[in-house]
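Provided below as structure tokens are two forms of one protein chain, presented individually as structure 1 and structure 2.
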Structure 1
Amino acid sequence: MRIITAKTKARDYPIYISQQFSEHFPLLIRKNFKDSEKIILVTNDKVFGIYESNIKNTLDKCSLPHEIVVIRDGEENKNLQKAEYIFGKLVDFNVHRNDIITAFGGGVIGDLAGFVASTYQRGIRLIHCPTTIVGQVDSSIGGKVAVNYSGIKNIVGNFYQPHMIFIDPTFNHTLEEKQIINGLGEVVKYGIIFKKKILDKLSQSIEDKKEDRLFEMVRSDIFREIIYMCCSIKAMVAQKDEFDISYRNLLNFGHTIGHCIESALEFKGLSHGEAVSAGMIVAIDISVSLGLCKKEVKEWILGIYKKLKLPYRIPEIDIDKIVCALKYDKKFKTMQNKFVLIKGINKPVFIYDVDRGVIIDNIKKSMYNYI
């Protein structure tokens, strides 16, 4: 078992990475949560369908009374109604502040159960057990919890750091290929912005020609090492800028255009990670157009994208919809978007005044593949 300590103003908390959820999780509960009296595990029907016996066996070994709350799968269930449903269960189960909510699932469950934990009795103990790559390398770490409201993503939320994170990379073995690709988009982002070694290891871990190469890759030792590296980076970033004032904005690389693609597609077709992947290529193209970055850097990254089956083009959609969505970007400031661009691998830079024509040109370039 490997441990990373995330240090934040709210609290320091351990991130355990272990392939033995069923053995190690109960040990840690008994050791670190001696004064807790109950565990409420929140999951979704899809994950519960796969891991029901594992979850039940593991909870049985925790020597604490426990309850399982199952929410329907899907982003559309990350809402206030489902939060209220969970609040109701917590009241029914007579849950107190020292008791534990465990979020067992992907980012949707983590954000929803985390939001509930942050507000019920003004904050009760929260453990994340992320079961997707997105959850393991990103959403469980750093304390952002939220629900969607009125059709707007993550608009009602909190910063609420968990009390423990338990990552078992073997949960990724049951992910569908689309969910693997979704997660790899974020992993590649860490490689481009913070640590080239991640890109090297990704390349190394993949056998180019095999059709099921991504499934093999997530089972590899190298991939477990990659998860560890990504978690360390996310913990470091959250430590430096817990409340997302400045440095943490680096995590937004590829997201400015990525969010616009998602919104132009009305959140259908491409996953978040896929949209961000295409968005990162546009950000690199803009960097090249502005003379910040060499074209060879993009070519090298494209080679990795192809191995990982990451989308590098924007689908042909109404370009006005993409451009229009730019003004809703959270990092929108004084009428101009704050872009994270690159001067090279691991050389990110914030640029505030990117010319609109340059942005549109590079969106078109990505869509129609012209030089």
Structure 2
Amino acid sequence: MRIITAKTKARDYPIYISQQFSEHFPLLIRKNFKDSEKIILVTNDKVFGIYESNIKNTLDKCSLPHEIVVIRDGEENKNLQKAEYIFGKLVDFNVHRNDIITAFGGGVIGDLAGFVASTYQRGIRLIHCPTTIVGQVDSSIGGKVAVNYSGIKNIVGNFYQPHMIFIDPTFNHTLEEKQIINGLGEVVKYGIIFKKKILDKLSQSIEDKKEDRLFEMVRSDIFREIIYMCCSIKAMVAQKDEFDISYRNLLNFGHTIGHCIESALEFKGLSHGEAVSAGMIVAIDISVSLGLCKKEVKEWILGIYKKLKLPYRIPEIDIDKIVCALKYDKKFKTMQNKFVLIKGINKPVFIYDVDRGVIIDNIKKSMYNYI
């Protein structure tokens, strides 16, 4: 078992990476949460359908009273109504601040359960057990918890650091290809912004012509090492800038346009990672248009995209909806936009007040496949 310690002002917490969830998780509960009296595990119907027996057996080994709350799968269910539903379950189970909410699922469950944990009785203990690549390499680490409201992504939220994270890479073995692609978008982001070695390892670990190449890759030792590298980077970034004031904004590379694509599509059709993948290409195109980086950088990245089956085109949707959604970006001010762009691989830069015409032209470029 490998351990990363995330250090933040709120608290330091361990990130355990092990392929033996059912064995190690109960031991860690007994070791790290000795005064906790109850566990409430929040998951979705899809994950529960796969791991029901594993979840129940593992909770039984924890030797604490427990409840399982199951939410319907999908980004559209990350809302205040579902949060209220979970609050009701916590009240019915007479949960107190020393008890534990465990988020068992992907980024949606992590955000939703984390938001509930941060607000119920002004904060109760939170454990993340991410079952997707997005959750394991990104969303479970760093304390951002949120729900969507009125069609706006993550507009109601909080900073609330978990008390423990347990990552079992074997959970990725049951992912569908679309879910793998969803996670690989975030992994590539880390490679472009922080560590080229991640991109090199991705390229080395995949067979170009094999149809099932993504399934083979996520089962490899190399991919487990990639998960560890991404976790280490995210923990470092959160330590430097816990409240996302400056440096942590770098993690939003591709997300500025990506979130707008999700909102324009009403969170249907494209997954978060797919939208971010397309958003990164738009950000790279803007970088090229502004003379910040060379077109060859984009061509090299597109080669990796094609190996990983990542989308680099935006569906043909109303551009005005995408541009309108930009005003809700948390990096923006009322009269000033802020983009994370690149001067090259591992050379990110913040650029303010990008011309609206440049933004629209490069959205069109991705939408109509002008590579």
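Under this definition, the rigid core comprises the largest set of C-alpha atoms superposing within 1.5 Å between the forms. Counting starts at 1 with the first residue of structure 1 and goes up one by one along its sequence. The structure displayed is predicted, hence computed values, not measured ones.
**Student:** Which number goes with the form predicted in complex with nicotinamide-adenine-dinucleotide (NAD)?
**Tutor:** Structure 1, which is the form predicted in complex with nicotinamide-adenine-dinucleotide (NAD), differs in this respect from structure 2.
**Student:** Could you tell me if S139 and C260 fall into one and the same rigid part between structures 1 and 2?
**Tutor:** Note: S139 and C260 assigned to two distinct rigid parts.
**Student:** Let me make sure I follow: superposing on C-alpha atoms, what angle in degrees does the smaller rigid part rotate through relative to the larger between structures 1 and 2?
**Tutor:** The rotation of the smaller rigid part against the larger one between structures 1 and 2 is 10 degrees.
**Student:** So with the rigid core superposed, the C-alpha of I317 shifts by how many Å between structures 1 and 2?
**Tutor:** Displacement of the C-alpha, rigid core superposed: 4.6 Å.
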